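Next comes just one chain, in C-alpha cells: the form predicted alone.
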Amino acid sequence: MNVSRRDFVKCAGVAAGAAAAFPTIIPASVLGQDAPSKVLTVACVGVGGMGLSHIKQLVDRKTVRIVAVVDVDAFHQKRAAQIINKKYGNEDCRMIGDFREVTRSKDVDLITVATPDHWHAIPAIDAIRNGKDVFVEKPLTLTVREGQVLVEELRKHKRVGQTGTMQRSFEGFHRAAELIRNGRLGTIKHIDVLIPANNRYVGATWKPEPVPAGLDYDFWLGPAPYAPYTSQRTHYQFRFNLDYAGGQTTNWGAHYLDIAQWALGMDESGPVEVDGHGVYPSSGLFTSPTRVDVRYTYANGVTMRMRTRTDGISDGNIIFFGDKGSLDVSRSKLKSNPESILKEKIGDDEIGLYKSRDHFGNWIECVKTRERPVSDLAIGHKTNNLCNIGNIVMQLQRKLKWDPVKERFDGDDMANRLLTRAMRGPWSLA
C-alpha cells in the first residue's frame, strides 16, 4: 500500500522502558491482549540451530517468558532448556517431544516454529487454530498449498503471524526498498539475485544407520515419505533433500526474493511468468539443485534472474537496475550508481515503507496492538510462492505462466499438481 509518511500508521518497535523485573506470569489467553505490561508465555517448537537463535532473541526480553521447548531430539531439548533455565535462574522450562502439547495448551500464548521446512505448516496451523500468535521461520512452507491454508487460518482466527524474513528489519534493505519505491532509480528494468552455493555434500554412496538414542525419527519424518535413517538426512542437511525443503532456492531465495517483492510493491502479487533450469545431483542422498538459474517476469515488464553465485561468498545479494541508475544491497553493503542516489532524502509526502529494526520485537509489539507485523505471514507466503514455482520450473524444465492472484499455473495440470504434496498419515492440513 502506497501512503505518505504522515498518514502511515506503523506497528511500533519494541516498547521502550520495559520494567527490569519480570511481572507475574499470567497467560494473555486468560487476561486478554489489552495489557502490554503482562508477560506473554512462549513455547519454541524446533530448537536446533535456528531454534537456538529464536531463544537467544527472546530470552532477554522482559515482556515474554519462554516456558517450554519442543523438539523430537532429546539432546536439542536439553541443550535449549539449559540455556533458558540458566538465564531465568530456575529449572522450570518444560521439555516436550510433541508440539501439540504446547499448541493446544491454555498456558501458552505464543509459538515460534523453527523446525525443518516440511514441519513448518502443521504446528503453525494447529497453534493458530488454538488461539496462538505465531512466528514461523522462512521459508514459510514446503508447498504453495500449505501457505494458502496457513494464511487462511491466520485471517479466520484473527491471529498475528510473523515470517522469519528478517532482512525487512535491516536498515540497509529498508533504505534500498524505499529509494526504489520512490523512483530514485527511475523505472526498474531488471533485478539480479545471487544466492550462495550449497554448503553440504554427500557422495554417491551412503548407507542406513541406527537411529540414535533420544531421536524420535518417525516423528522427525512426520508428513514426509518414509526413508531409512542416516545422520546426513536430518538436522541442518535436511535442506538439501526435496522431501523436506527446497535447497538454496528456498533457504536464501526466500530472503532476497522477499526484498525484490517489497521494493517492487508486489507484496500482494508476484510474477506472471517463470522459466529456468537447475543442475541436480546424479547420485547420492541429496536431491535439491547444486546450481540454480531461474528467471521471473512481472506484468509490468520487470525481469528478475536468481542464480547460484560462483565466487564462494556465503551471503546473497540483490542488484536493481533502473533507467536512472542501479543499487546493490546485501547484509554487508549498500552501493548505488551513481553514488548520489544514496544521499537522497525521502520526503514527508513520499512513500514511507513499514519500519522495523527488531524483527522479534516487532512481532511481540504487534501481538499486543493486533496490528500486522512487517513480515506478515501473507507477505511471507507470496515470497515463498516465488521460491516454490522456481523449484517447479527447474524440475519440469519448461517455461510456465503463473497467475499470482489465483496462485496457479495457466493451462499446465502437471505443474499445478506440484503445488501440493501428499502427506504421510496421520498428518494432514485438515
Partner chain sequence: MSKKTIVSDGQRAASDPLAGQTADARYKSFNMTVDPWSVIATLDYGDDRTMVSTIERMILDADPSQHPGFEEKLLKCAADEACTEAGYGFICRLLALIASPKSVAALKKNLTSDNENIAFLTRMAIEQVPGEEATAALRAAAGALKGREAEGCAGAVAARTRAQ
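Residue numbers count along the first chain shown, from 1. The structure displayed is predicted, hence computed values, not measured ones.
Not on display, but discussed next: the form predicted in complex with its partner chain.
- In the predicted complex, residue 397 approaches its partner chain with a heavy atom inside 4.5 Å.
- Taking the partner from elsewhere, residue 223 is found to have a heavy atom lying within 4.5 Å of its partner chain in the predicted complex.
- For residue 218, a non-hydrogen atom is located within 4.5 Å of its partner chain in the predicted complex, even though that partner is not displayed.
- Looking at residue 145, you'd find a heavy atom of it within 4.5 angstroms of its partner chain in the predicted complex.
- Think of it this way: in the predicted complex, its partner chain has a heavy atom of just one of 90, 310, 205, 314 within 4.5 Å, and the residue is 205.
- Contact with its partner chain in the predicted complex, defined as a heavy atom within 4.5 Å, holds for exactly one of 171, 152, 107, 98, namely 152.
- Residues with any non-hydrogen atom within 4.5 angstroms of its partner chain in the predicted complex fall in just one of 261-269, 282-290, 329-337, 299-307: 282-290.
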